[in-house]
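The chain that follows stands alone, in the form predicted alone, written as structure tokens.
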Amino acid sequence: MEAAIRLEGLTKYYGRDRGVVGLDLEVLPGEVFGYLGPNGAGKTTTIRLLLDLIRPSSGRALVLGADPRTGGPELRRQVGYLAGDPALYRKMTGRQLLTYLGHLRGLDGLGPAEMLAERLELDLSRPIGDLSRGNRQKVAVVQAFMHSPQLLVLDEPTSGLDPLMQREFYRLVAEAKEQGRTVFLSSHVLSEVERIADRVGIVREGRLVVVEGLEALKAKALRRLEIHFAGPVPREEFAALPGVQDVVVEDGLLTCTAVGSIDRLVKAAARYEVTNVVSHEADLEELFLRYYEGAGDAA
């Protein structure tokens, strides 16, 4: 299957300053790929390279099987782009701008933009310069989705949207996926990516430090457990189990953290009378922060 996005040793330097270094990545057709990293990690640089807004120092990117430099209008019509800080024609109304963009993309006027604006509760009659930050973001979302592109490249797409509109945006992404379209979504909002992405790539200081499915990442995350026993249990027995950490036993209550499978922990607990078990959600945020800060390389 031809990758929707393929990066091969993609590198960009701004003079002596690092942009991204040696990125190797495949994003498959029909998947939602979350591209995570702190500010300055190289997320926007990667996106600009994908769109041929800047040129690589070395390596290459392929988008829908084509080189962005030579793909021309045919490739661009298949891509929807939402910039992290979208620049819009402020004197135009939303309707005028979307009609103009629709004609550039071969649509008959607004096309689906009217329906998208209704879903996002966007008034298309007002000049864009008079709109709030959130409503300008809605215009940017509509223009990215309006031509039903095969690939959506979205840089911090929910910035400025209120929680209700964020939920509607997530529905748009889910519908795009159901239709077999690909979404490449850059974000530093962990809960957002966890909600909608199939796989994630974590970039730190311009380099990809991990690319994995969410379930695989969750298997590496810390899970916090409380096991209530009818009587005392030996702490040493549980502390010796692989992957079990921070074991504390007090008055028949065992608390600990576990990485990966808890099968051996459960079997060890089953040798005693268990009255209750409380398992807290795997802490993905802690795992991501380990990668961001550099401690996750050995995970």
Partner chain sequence: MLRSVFGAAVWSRRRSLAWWVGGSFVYLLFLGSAFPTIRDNAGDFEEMLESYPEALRAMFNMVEGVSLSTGPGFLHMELFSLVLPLLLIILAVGFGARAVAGEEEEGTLDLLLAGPISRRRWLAEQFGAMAAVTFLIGLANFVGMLLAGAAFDLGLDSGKLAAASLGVVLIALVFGSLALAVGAVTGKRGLAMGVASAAALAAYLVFSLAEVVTWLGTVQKASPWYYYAASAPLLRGMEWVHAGVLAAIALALPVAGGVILDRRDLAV
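What you are looking at is a predicted structure, and each value in this text was computed from that prediction instead of being measured. Residue numbers count along the first chain shown, from 1.
Not pictured, yet referred to below: the form predicted in complex with the partner chain.
Taking the partner from elsewhere, Arg235 is found to have every heavy atom lying beyond 4.5 Å of the partner chain in the predicted bound form. In the predicted bound form, Ile54 approaches the partner chain with a heavy atom inside 4.5 Å. Although the partner is absent here, Arg264 is not a contact residue: none of its heavy atoms lies within 4.5 angstroms of the partner chain in the predicted bound form. Although the partner is absent here, Arg77 lies within 4.5 Å of the partner chain in the predicted bound form, judged by heavy atoms. Though the partner chain is absent from this view, in the predicted bound form it lies within 4.5 Å of a heavy atom of just one residue from Arg224, His228, Arg167, His103, which is His103.
Of the residues Val210, Leu120, Met146, Leu88, just one reaches the partner chain in the predicted bound form with a heavy atom at 4.5 Å or closer; this is Leu88. Between 168-176, 182-190, 78-86, 195-203, the stretch whose residues reach within 4.5 angstroms of the partner chain in the predicted bound form through a non-hydrogen atom is 78-86. Three-residue candidate spot Arg18, Arg133 and Thr158; no residue lies within 4.5 angstroms of the partner chain in the predicted bound form by any non-hydrogen atom.
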